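Here you get one chain, nothing else, as structure tokens; it is the form predicted on its own.
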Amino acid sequence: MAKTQHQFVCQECGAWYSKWNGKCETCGAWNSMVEEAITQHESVRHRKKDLTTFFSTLENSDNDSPLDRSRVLTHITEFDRVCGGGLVPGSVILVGGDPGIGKSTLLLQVVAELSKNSICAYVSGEEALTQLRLRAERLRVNKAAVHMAASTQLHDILEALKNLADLKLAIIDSIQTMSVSTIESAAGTVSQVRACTQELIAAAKKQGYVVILVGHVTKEGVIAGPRVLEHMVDTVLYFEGERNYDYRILRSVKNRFGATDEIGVFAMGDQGLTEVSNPSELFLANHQNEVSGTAIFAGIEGTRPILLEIQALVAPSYLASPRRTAVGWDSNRLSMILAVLEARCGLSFGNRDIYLNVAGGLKITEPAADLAVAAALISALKNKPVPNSSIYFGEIGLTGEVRPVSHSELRLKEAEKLGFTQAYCATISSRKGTIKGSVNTHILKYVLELI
């Protein structure tokens, strides 16, 4: 016998209440309560189960599930890199991004490439089959042997996927459009999103195929729905990019089977997305030598080294409170670097406007960019260019010391590959001892030595 229970669920955080409230007491959101009816099935009789084999060991056992332990390669190098070297059978991946950024385009190219050697399915709840075929023709993948479907009923989708023998990959676009009949609320609500995700995870773990979910994002840039959705899946990927630039970045923020903060770089064109094998050349394409206020930062995104151009502008200010503007970097950290340069190096920025920009539109959060930012600020203040073919990386402390950062060897190798000959950094520690290469390293103990 089934019971129907009515409750009010916050669409922002997933908290539920027995009566309607104007404000959610958990997250503080206003007018986010929606009444939802949930059907609960009562068990008539408890069945006795044999629990002797409930626990197991870390070693391989004959009772293990028949999941293939080898990764599935999509042969799209940037996508495989972000996933940790390929897709893990039985895993569930959540892909989020702004509207129109290219999520569906990327996944259609992935499923078309993988379908050359494997059985794949693409289920859309937002587009009709005719629209999917038109997009496939534009991307020139309309000849791929992909099983296409347009439906929003999850139980019908799961039954159809069960009938596909040796299924390797199933893409659900998007999870906010799916619904189950046991819940009477509309598609996209917290209860529906949570229930649909649970059903898809159970099917993926049992049958051993990979499920990729497309998730909508809110105006704050986070995936819509309850935060628990990101905890349920195995991998969370964000597809980022600026509309004024052609490149797109696929970033891993959670991965149970690989490194987090790994990125893959793509270029958007008329025929879809193409891989960018060397992102440093892309971001340094417009770099000009002998210009004051610029410095090259050797950064690390995940396990990949990337060289970026830091631009700074110091101009006289006629305001009571001079402006401090940072694009692509933390403005609070900019204020800290300015304070260190004034207190420890005797420089004066108090009556000047400061503008800082990461060329190319990429956002960086690594503390190793402190030294490059300081070099760009000093160069802009004194109107003198930094040394040619030089890179900078290192963290600056409040006492003015330059602290070493990790992966120095990878940064220097990337700089050497692109023709840079000098590096300004802190003490380099390497497991292999002295790092050999054509890059001349200048070891700095204090930021005052940079002047």
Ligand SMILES: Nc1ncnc2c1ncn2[C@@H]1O[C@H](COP(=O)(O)OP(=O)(O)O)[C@@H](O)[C@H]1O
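Keep in mind it's a predicted model, so treat the numbers as computed, not measured. The first residue of the sequence shown is number 1, and the count goes up from there.
The same protein has a further form, the form predicted together with the named molecule, not shown here; the description that follows concerns it.
The three marked residues, 346, 397 and 445, fail to reach the named molecule in the predicted complex, with no heavy atom of any inside 4.5 Å. In the predicted complex, no heavy atom of residue 177 sits within 4.5 Å of the named molecule. In the predicted complex, the named molecule sits beyond 4.5 Å of every heavy atom of residue 350.
When contacts are judged by a 4.5 Å heavy atom cut-off, residue 269 counts as touching the named molecule in the predicted complex. The shortest heavy atom separation between residue 102 and the named molecule in the predicted complex is within 4.5 Å. For the candidate set 138, 323, 256, 162, a heavy atom within 4.5 Å of the named molecule in the predicted complex is found for exactly one residue, namely 138. Site annotation in the predicted complex: the residue of 234, 98, 113, 199 reaching within 4.5 Å of the named molecule with a heavy atom is 98. Heavy atoms within 4.5 Å of the named molecule in the predicted complex are found in one stretch of 269 to 277, 256 to 264, 83 to 91, 290 to 298, which is 269 to 277.
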